[in-house]
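Before any questions on binding or motion, here is one chain by itself as structure tokens, the form predicted alone.
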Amino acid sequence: MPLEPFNGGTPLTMGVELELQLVSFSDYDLTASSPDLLHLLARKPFPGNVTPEITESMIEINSDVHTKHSELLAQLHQVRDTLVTAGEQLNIGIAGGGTHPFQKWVERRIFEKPRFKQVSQLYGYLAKQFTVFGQHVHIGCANGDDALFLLHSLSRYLPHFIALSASSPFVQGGDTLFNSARLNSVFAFPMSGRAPFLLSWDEFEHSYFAKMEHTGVIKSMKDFYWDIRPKPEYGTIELRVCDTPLTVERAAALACYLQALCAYLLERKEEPPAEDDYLVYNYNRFQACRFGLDGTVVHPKTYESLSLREDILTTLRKMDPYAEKLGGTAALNHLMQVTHMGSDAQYLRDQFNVSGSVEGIVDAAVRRFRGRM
């Protein structure tokens, strides 16, 4: 199927997708309850959109298209409250977090949907192991060339989003020593990583996508698991590196940070993106996943080593006027606090130290999602 035209629209609009955990209140393990939950939610209007994910222990929610932080956050509050109420009727908890701390992939069930079955047959155990939970953020672009420009310009800032959203330190009952272990599951897929360095949509469509389609390896943009990918049908770029935060407040703040960054980058005040920017890409991404806010990154233009925490703080201050113009000042203030006080990964480790059990981590995550901690 040929690549559809880039459906450009209003720049800097934003939308959020959140993959969420469904946990049993009896033992705090994941529970295959998405069919029952989706059936219950279908009985009345939902404030956004809710869909199944690849295994029955997770769901995905989508916000509407927004321009302001306050509007996005208000809808995410409605979504959260609707999910929590429905979950309580089924005796299940809803939680954020990039990984469940002790679930076993072999116990997961693939959701009955043709695409999910196809993915499972192709990737084997990787499909069930993909029971991990991410936040995706869409930003509207005027045209395909702007989308590719932003996609590559943002590569220098991806470690910020990994570190600020990090919420997956535990896997299979143990501390991985990573702040975001979730991305290690994503990296296992052959079409993951970063997009090819092309800045012309015409070239991307005809010289790259058409060739990839001809190989038979891919059929649509959905087959690419890139860290950032263009979504021509929506007229957006989609940032995919974030763990699902423990709260909707953080999810909204991350979206607005990306919105402000895109507004800044579109002024083209920085040196333009180049292929050589990717020389340090994997190293910087690893630093953010492994060490979170305490990581060290290499600037792709100057090769200067930077404290990731200080680089985030410097950039947040630089984005202040853009966020103010877009109505996102509160969002950046929230992320300032995160940068000073620690990420969700640190919070989960603290909860483990307090409770002494991985079940205690899940209990804390469920209560935090509800807004009760």
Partner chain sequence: MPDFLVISAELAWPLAVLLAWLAGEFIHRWTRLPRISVYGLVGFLCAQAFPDLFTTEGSSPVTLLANVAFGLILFELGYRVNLHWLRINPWVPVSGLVETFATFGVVYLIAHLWGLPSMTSLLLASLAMSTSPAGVLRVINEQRSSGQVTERVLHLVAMNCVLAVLVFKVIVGFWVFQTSGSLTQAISHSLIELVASALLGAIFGTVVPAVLRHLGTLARDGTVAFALVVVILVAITHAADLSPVLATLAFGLTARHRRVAFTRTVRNFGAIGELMTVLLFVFAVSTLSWDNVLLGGGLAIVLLLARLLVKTVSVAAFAHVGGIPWRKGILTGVALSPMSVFVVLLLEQTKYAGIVLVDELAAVAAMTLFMEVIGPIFTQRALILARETAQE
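Since we're looking at a predicted model, the values are computed, not measured. Numbering follows the first chain given and starts at 1.
Keep in mind the form predicted in complex with its partner chain is missing from the figure; the text below concerns it.
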property: Among 35 to 43, 339 to 347, 304 to 312, 60 to 68, the region lying within 4.5 Å of its partner chain in the predicted complex by heavy atom distance; result: 35 to 43
property: All of F25, Y28 and T31 with a heavy atom within 4.5 Å of its partner chain in the predicted complex; result: yes
property: H152, R285, R240, R108 - the one with a heavy atom within 4.5 Å of its partner chain in the predicted complex; result: R108
property: Contact residue in the predicted complex, chosen from H77, K117, H206, R194 - any heavy atom within 4.5 Å of its partner chain; result: K117
property: Contact flag, K128 vs its partner chain in the predicted complex, heavy atom cut 4.5 Å; result: yes
property: D145, heavy atom within 4.5 angstroms of its partner chain in the predicted complex; result: no
property: Interface membership of D363, its partner chain in the predicted complex, 4.5 Å heavy atom rule; result: yes
property: 4.5 angstroms heavy atom contact with its partner chain in the predicted complex for F291; result: no
property: Sequence-ordered list of residues in 80 to 99 near its partner chain in the predicted complex, where near means a heavy atom within 4.5 Å; result: E88, Q89, L90, N91, I92
